[in-house]
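In structure tokens, the next block holds one chain alone, the form predicted alone.
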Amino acid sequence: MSAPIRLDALLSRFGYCTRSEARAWIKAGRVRVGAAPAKSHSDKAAPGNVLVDGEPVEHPHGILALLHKPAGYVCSHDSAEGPTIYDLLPPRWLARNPPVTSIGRLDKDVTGVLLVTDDGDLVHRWTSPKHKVAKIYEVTVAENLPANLAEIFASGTLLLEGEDKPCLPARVEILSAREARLEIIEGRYHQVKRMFASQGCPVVRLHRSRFGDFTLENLAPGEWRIVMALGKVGGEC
């Protein structure tokens, strides 16, 4: 967002205060446009030219961050469901308009790569199967894996219970009798767990190690980092 916008809209858009509170912020000298104090909440300025409390506007082009999701956190904005991934992120990100949200979801007990953004178009683009964004999961199951598992998952004919459309072909690598690495391009409800359960192998541990080109590298559980400026996002990952 580089075009000039009203200062009260800018402060609200980036989570600093409400539009009605903007007058007080400006009157208190907390907002500067270039080197000069802002004069009116209705003045317009480019976000990249505004300082709030002496600091540049945070992520004026939008947020795309990678979070190492730990177990025990839900991908929900409803705190009634338990600790949420948003408890691990800066509070101002939730005050942005729109607020950050996860690109897809991981179950409460699932760990690993999770992307969060305030760009709705990016959420749609990277969760739609037609864009074929690969997700890789490390899976541990309670029973020995069948020898023909790779063939079954790659067939494109696996039908999950309660559904009338088969899963798209998926690749699986058997790592041991009860461990596998799965690559899928879909994101159906509990899909990985349901795929393995359909073969008599309940999942006991699930970790997403890759989402598109993104991996955790050295991020510890609960840690996050900005991965790129949204104004520079070009491909479909």
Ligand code: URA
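Because the structure is predicted, anything quoted here is derived from the model rather than measured. Note that residue numbering follows the sequence shown and begins at 1.
The form predicted together with uracil exists for this protein as well; it is not shown, and the discussion that follows is about that form.
For the three residues Leu106, Gln191 and Leu206, a heavy atom within 4.5 Å of uracil turns up in the predicted bound form in every case. Contact annotation for Tyr86: none of its heavy atoms lies within 4.5 Å of uracil in the predicted bound form. Looking at Tyr137, you'd find a heavy atom of it within 4.5 angstroms of uracil in the predicted bound form. Looking at Val133, you'd find every heavy atom of it more than 4.5 angstroms from uracil in the predicted bound form. Put simply, Leu115 is far from uracil in the predicted bound form: not one heavy atom of it is within 4.5 Å. Contact with uracil in the predicted bound form, defined as a heavy atom within 4.5 Å, holds for exactly one of Cys167, Val100, Val141, Val110, namely Val110. Heavy atoms within 4.5 Å of uracil in the predicted bound form belong, among the stretches 30-38, 167-175, 183-191, 56-64, to residues of 183-191. Shown here without uracil, the chain has no residue in 7-45 lying with a heavy atom within 4.5 Å of that partner in the predicted bound form.
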